[in-house]
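Given next, in structure tokens, is a single chain: the form predicted on its own.
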Amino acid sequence: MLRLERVSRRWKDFEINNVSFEVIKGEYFIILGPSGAGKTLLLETIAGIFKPEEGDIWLEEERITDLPPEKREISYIPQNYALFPHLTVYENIAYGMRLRKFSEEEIKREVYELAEVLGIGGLLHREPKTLSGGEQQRVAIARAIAIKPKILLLDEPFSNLDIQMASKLIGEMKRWKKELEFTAIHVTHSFEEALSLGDRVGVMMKGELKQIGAIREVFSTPKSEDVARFLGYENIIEGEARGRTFYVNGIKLELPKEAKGRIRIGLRPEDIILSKKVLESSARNVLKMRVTAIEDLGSVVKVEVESSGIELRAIITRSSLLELGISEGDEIYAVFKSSAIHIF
């Protein structure tokens, strides 16, 4: 449906470089990456706010690279929602439809139908300044969908909301997509949004799409160390592989598959179990280590451990920390399955 071919663009300190991907009709495609990766610039280039310096953009086999935004049949929702402050909610939603010469009957029917689906039927007479962040987000989505775009672009749509409201709207977005049947590209740095909403994901770093694939595939099998670190593989270790055994600093670990020579392995902090004694489990990798740091992250705790020059970070719950009764300097066992190891 939407296809980018080797698109490049620079603007101030941001850039996108040689970006190619395709979004199919009905898909919810996530562009996931850290701040400064070029995600917003990518959306603005697709929307027509910027023209590519190189490459082409196609929408339903029509080349739209040189078309102005109003002729692209694309709706773009920026981070600040960009609602018109002097118009009511009804008028905001109707605005784009009027520009496109919809009849007043069509406008009224569409506005009320969207307001019902999005839960803002009682707000149509209100002005944006009187709305909460979550309500403004709903209005922005309604206005974008009202013009019947071929694709919807969402730029960090939940970044201005508190955690509870964001989580609620993420759940509602899944329902809206099903009911309203729109195609979307959604940029974010949030793993929760990607995992909850995405059909596929493209990981963007330093202006480039480093990996594209199904959500679970990308999160479980990152193709590079940079992608792995961004996706939460905080434990990266280099060593020697001989078959299914990994050797590093006199320690042996079991690998999930055979490998040979110098390799790097990655391990998520949440895949490491900490115990004061050796556990009876199917996990084959058991290391006796020393606690070097404990960091309180709120609902969870990060524990750093070390042995023979190997440093690992584990994530455990606060209750687990209390049950273990550990503190810095204590000896503890770090346990993890070979299947939790990713090989680069």
Partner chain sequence: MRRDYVTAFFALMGSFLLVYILLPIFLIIGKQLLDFEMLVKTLQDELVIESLKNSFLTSTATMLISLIFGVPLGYILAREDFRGKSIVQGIIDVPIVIPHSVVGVMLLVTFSDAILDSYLGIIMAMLFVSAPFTINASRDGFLAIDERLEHVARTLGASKLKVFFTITLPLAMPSILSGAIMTWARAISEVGAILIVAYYPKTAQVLVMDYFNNYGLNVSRPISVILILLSLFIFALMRWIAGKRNVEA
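As the structure is a prediction and not an experimental result, all values here were calculated from the model. Residue numbers count along the first chain shown, from 1.
Heads up, the form predicted together with its partner chain isn't pictured, but that's what we're talking about next.
> Which one of these stretches, 26-34, 289-297, 272-280, 41-49, sits within 4.5 Å of its partner chain in the model of the complex when only heavy atoms are counted?
It is 41-49 that comes within 4.5 Å of the partner.
> Can all three of Glu238, Thr245 and Arg268 be found with a heavy atom no more than 4.5 Å from its partner chain in the model of the complex?
Verified in the model of the complex; spot residues all out of contact, no.
> Counting any non-hydrogen atom inside 4.5 Å, which residue from Glu70, Asp66, Glu60, Glu54 sits next to its partner chain in the model of the complex?
Comparing distances to its partner chain in the model of the complex, the residue within 4.5 Å is Glu70.
> Within 4.5 Å, heavy atoms only, which of Lys257, Arg262, Lys129, Arg216 is in contact with its partner chain in the model of the complex?
Exactly one residue meets the criterion: Lys129.
> Taking 4.5 angstroms as the cut-off for heavy atoms, does Leu195 touch its partner chain in the model of the complex?
It does not: once its partner chain is placed as it appears in the model of the complex, Leu195 has no heavy atom within 4.5 Å of it.
> Taking the shortest heavy atom distance, is Pro85 within 4.5 Å of its partner chain in the model of the complex?
Yes - in the model of the complex, heavy atoms of Pro85 and its partner chain come within 4.5 Å of each other.
> Is Arg100 a contact residue for its partner chain in the model of the complex, using a 4.5 Å heavy atom cut-off?
Contact check for Arg100: yes, within 4.5 Å of its partner chain in the model of the complex.
> Determine whether any heavy atom of Gly134 comes within 4.5 Å of a heavy atom of its partner chain in the model of the complex, and answer yes or no.
Close contact is absent here: in the model of the complex, Gly134 is far from its partner chain, nothing within 4.5 Å, heavy atoms only.
> Given a 4.5 Å distance limit between heavy atoms, list every residue of 64-78 close to its partner chain in the model of the complex, or none if there are none.
Contacts from 64-78: Pro68, Pro69, Glu70, Ile74, Ser75, Tyr76, Pro78.
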